[in-house]
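This document contains two forms of one protein chain, each encoded as structure tokens and listed individually as structure 1 and structure 2.
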Structure 1
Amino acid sequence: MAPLLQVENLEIVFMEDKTPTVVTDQVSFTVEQGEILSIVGESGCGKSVTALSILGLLPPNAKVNKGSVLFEGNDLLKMTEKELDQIRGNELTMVFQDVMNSLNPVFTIGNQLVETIRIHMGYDKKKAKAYAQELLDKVGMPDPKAVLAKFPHMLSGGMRQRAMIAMALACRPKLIIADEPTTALDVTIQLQIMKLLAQLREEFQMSIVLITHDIGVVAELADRVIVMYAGQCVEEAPVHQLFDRPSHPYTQALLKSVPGIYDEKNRKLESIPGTVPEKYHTMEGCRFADRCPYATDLCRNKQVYREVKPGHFVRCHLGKVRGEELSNG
């Protein structure tokens, strides 16, 4: 079966002082029907920009320079705003980190949810209200009926996040892109909401792209993982393969920097020594070379992206540089 989403060779450019800067390039991945794909990587590596470009929501000073984003075989990047609106908020929705800015402060949760349902599902007001209440109940909202009458500022962070997820689910999307959906919440609520997403995936048969810094969540929920570094995918693998046999030195360092994956206090990806190079988009070779203990001249001059096992891709020369097969390949 063809993948639900197929991102091919995506390149995104920001205009800064009239100078174009490439922030992500050669980004390719697929999302299969019903799977949870997680995207991880340090701050600024291009996770949000990639997500926003899929939905056509990049800021005005950014544009997609190259590539395609096929959703059920149709290129979202070639669609008009009107065509995109048919898909966005219908079959493809997004949950943002900043919920306060995503919910309208002057309308009650009920108004916003009922309106979304009416627009996307074509229900009359009564049916839409009943469905809104049912959705709030499904996302574990306490006292859904009362919440319908409340304004966003009257809810706790966890409740607002649940309301946002209910909104994203309202049209029974085929794909939800969740960008750090729980960062602002405490760990217990984060876990609850993530588990809820996984449960809803089963119930609604949908796919999820989950962008997160929380490696514990990745280990628990994701089917496959993409690791991004300096605007590129540097490793892609099924989740167990990635945790058991991380092949890119950056992934290895990231996983080593997490003291205990299942330890609640230390679930976040920590930064590793060194910094991401400035103007990385102008580099011919590996963007991790300055931080990599195995770097050689070949690494600094040329990039590769290769499949070391079926479904396991790595942007690294490793094995070749050291004159041996990848020890984990």
Structure 2
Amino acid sequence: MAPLLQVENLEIVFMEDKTPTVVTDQVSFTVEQGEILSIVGESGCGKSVTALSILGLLPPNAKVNKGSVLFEGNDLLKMTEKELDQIRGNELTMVFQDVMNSLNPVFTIGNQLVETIRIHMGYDKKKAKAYAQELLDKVGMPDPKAVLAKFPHMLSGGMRQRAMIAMALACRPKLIIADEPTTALDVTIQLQIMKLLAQLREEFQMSIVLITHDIGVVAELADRVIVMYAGQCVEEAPVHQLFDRPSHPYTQALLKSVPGIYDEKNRKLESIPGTVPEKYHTMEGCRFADRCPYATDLCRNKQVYREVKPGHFVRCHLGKVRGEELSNG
């Protein structure tokens, strides 16, 4: 059975003073029906721009230079805006990270949600309003009838995010892309939103691409994890395998920076020295080498993205050798 979503060799470029800058380099992954795939990595790694390219929402100075994005076998990159509009909001939707700027401040939640339902589902105003209230109740919104009459600024961050999720669910899509859905929310609300996404996945049998810089939030939610760094996929594995046996030094560094419930009392969290390089598209070798404690002269050569175990891929020539050593710290 073919994957629901198949991204192949995606290369995205930004134009700066008529000079193209490559921001993602041959990014490839699949999403199966009913699967939760998480894409993790630091800010500036190319996660969000990859998501925007799938929906055809890149800014004017960016474009997909190479690659394909197949949704149910159809290449989204070859579709016209009119053809994309038949899929976006219906079968493929997105929950954006900046929820305050994603909701129109001059219209009520009801106006925005009802408009979405009427455009995509063809309901009359009365039926659309009843369905909007039902959706807000579905995502755990307290007093959904009253919320319909409120403006975004009258809601808390968690309530605004629930309203965005309700809009994304309106047409019962096959795939939701959630880009940093818990950004700027406190840890209690983060947990509620994550549990809500997991519950909705089970209820609607939909797939989710969860994009986050916090690897800690994916442990109990994701089925599979892709780690991105400097515009490249550096590791991919089933979630438990990734946490138990990380093969790339960057993945290991991310895990060491996250507290665990079973940690010893005297354990100190580690930070990753340095920052993501800005001009990484000009780097021939490993883009993490300057921050990696295992770096050798071989890291200056091009790194091949290879399968070290069934379903476990890594872009590191030491991955297979160092995997167990890394996972044991």
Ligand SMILES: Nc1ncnc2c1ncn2[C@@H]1O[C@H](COP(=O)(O)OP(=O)(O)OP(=O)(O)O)[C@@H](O)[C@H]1O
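For clarity, a rigid core is taken as the largest C-alpha set superposing within 1.5 Å between two forms. Nothing here was measured: the structure is a model prediction, and the numbers come from that model. Throughout, residue numbering runs from 1 along the sequence of structure 1.
- Remark: structure 2 matches the stated condition (the form predicted on its own).
- Once the rigid core is overlaid between structures 1 and 2, L70 does not reach a Cα shift of 2 Å, moving by less than that.
- Fitting the two forms on the rigid core leaves the C-alpha of A295 displaced by at least 2 angstroms between structures 1 and 2.
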